[in-house]
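Next up: just one chain, as structure tokens, the form predicted on its own.
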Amino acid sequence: MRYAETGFNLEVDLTRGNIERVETDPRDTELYLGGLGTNAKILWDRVPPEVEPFSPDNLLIFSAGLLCGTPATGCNRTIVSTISPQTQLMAFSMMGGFWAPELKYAGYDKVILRGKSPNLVYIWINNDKVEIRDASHLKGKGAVETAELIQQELKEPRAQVAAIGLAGENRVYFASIEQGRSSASRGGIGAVMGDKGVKAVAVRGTRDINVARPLEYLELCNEVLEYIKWRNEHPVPGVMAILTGLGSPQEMKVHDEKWHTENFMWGNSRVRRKDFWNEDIAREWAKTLDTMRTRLISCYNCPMTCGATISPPGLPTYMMKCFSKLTYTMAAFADLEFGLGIAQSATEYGVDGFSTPQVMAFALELYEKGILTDNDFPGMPADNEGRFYWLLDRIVRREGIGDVLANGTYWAAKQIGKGAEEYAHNTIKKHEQLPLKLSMLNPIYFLMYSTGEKINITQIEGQFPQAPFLTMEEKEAFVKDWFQVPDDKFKQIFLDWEPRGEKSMPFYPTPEMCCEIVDWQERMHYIDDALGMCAGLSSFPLKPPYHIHNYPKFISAGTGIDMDEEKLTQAVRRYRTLVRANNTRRGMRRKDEKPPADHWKKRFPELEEKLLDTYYQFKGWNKQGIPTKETLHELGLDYVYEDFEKRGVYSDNGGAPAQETSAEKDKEA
């Protein structure tokens, strides 16, 4: 018997209309755990670098995390993986809600879509009964509306539905997949779903999931619940509100937005409004949030109520996406009422809440600078907020200038020319970022931005404080009950870290220390993404209930696999390296490993090069960031080395230009 997982994947060939239930190899679970780990292995085996994102041979994988569907609190994430049209690299985006546990209860660990349907369809999974159904009547419908219509059509209100909106149908490069109380938004995976002709995947399951040692597993779950209760009664002092508690996005409980609004950059990541927040704005924004926030809600098997449903006046209720509460507001230099309102439209259209407002602000800045003109914006309203609604509609429909902008700022700037690339300054690896700009180079964040494969900073940072505390008393109080650290050396690094002087940024923590810190934070995110755990209860907040010391116990008691910290760390290294390998053979090299161009005002080129050199060596990569033969052999990835050798990867000096997008190739054809 397989424990925690079902041991079966659902393979759907959309071109042929063929559906298969395929048994999986339990050895792969031991080596790669599940979720992101096994997704990376499948993409490596079946999607070579010659395959384009919009090719029938590209796969779109919906994976329930290894421990989803078990009693583990907050373990409910769906990990969606494919080759991104936006980055040309491996994309993996997480969504919470109820979809992944429902898939496990239907008897499957993954749904793997391949090929392309000649007509718009949706997939209906009801335990053993799986159908490819006509979705022509859903064409052009919003993502949330689609889910409701499918539930009505199936007469199954408990069906969990992951759907795309108009943006996905039109292959917008930052299209999302929406699912009830969450979404998988980054990397344009909704565009791949639309390209495959799939409007939605609906699932209903009524089976059980078995765990290997139930009593031991429940004891571990109860320990987590007790810690959550204690932690929320004893928040971490001295840090911003969203990190004092647990859950993500805690922001939906927060009224005071002084930190975000005065430290993040507005518009096209250009303007920092240092004195924006005042008592009048605080009262106005609190009233707006309290009026529109219908209720706080949770995902499957989680007590945190850290999400929220929003009901803008005259518009349907929707679920606010993680950390996108302010993104539209700040892009448009508007107020919170506008931001919460346009986010409803964006959710129905199915677009990423980080990229979309940045793309629109980028376009309007080009307009203000004369690079784009009135001819590019025929009929655009004169008022600021109206312009954003107008642009959003043009982008998701790929009409006029919207057809160019729908590829994101990186590719749009290349196509527009006339100096537009200078204004696409807030991108990393061809991907729009959160508009945070700071003064002094932060070496830890430099490495996270530059080398992270996930490419989304809120899904990279985590359990090490973002800045030094001011006094030794505060630092000593913080480390006293900091049992989540893998090793006590992290406590000493933090104790020695000073706001000013010799042991301050950018030269402290040292490059060697930065490598340890970044590796620890990344390790926790990768564990979460294999197990299906919410980052808000593990890898993202300070002092979370899940950590490197109790995760091996959960895996052992849940799956029956003999696991300890050393084996878990090695497994994470293995599939993290495999994610890297997928991107390496798609052309990613050292030249791509850099933060947004003006993320910090004060930069240190020599230090940055040393940071990369040190980190590459720490990871077992060569000067181009390619995993070495020795590293691959140690991790049991000799097949990766053989492929690299065959393709001449090690002789590539990283000078190749960026690949064209599928849209650019279509235009040339």
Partner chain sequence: MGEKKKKIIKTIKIDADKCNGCRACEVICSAFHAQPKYSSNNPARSRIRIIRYPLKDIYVPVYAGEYTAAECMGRDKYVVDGKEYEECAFCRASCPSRDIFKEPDSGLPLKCDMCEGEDEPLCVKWCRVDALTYEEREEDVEDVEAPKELDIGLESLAKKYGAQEFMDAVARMSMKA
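Only a predicted model underlies this, so the values are computations on that prediction, with no experimental measurement involved. Residue numbers count along the first chain shown, from 1.
Another form exists, predicted together with the partner chain; not displayed. Remarks below refer to it.
Interface residue remark: A382 is not counted as part of the site for the partner chain in the predicted complex, having no heavy atom within 4.5 Å. Although the partner is absent here, D393 is not a contact residue: none of its heavy atoms lies within 4.5 angstroms of the partner chain in the predicted complex.
Residue contact with the partner chain in the predicted complex: I457 places no heavy atom within 4.5 Å of it. In the predicted complex, T584 stays away from the partner chain, with no heavy atom inside 4.5 Å.
For the residues R295, K418, H234, H549, the 4.5 Å heavy atom test against the partner chain in the predicted complex is passed only by R295. Contact annotation: of the candidates M319, M95, A535, C322, the single residue with a non-hydrogen atom within 4.5 angstroms of the partner chain in the predicted complex is M319.
Stretch-level contact check against the partner chain in the predicted complex with heavy atoms at 4.5 Å: of 205 to 213, 576 to 584, 484 to 492, 468 to 476, the positive one is 205 to 213. Residues of 295 to 318 placing a heavy atom within 4.5 Å of the partner chain in the predicted complex, in sequence order: R295, L296, I297, S298, C299, Y300, N301, C302, P303, T305, T309, T317, Y318.
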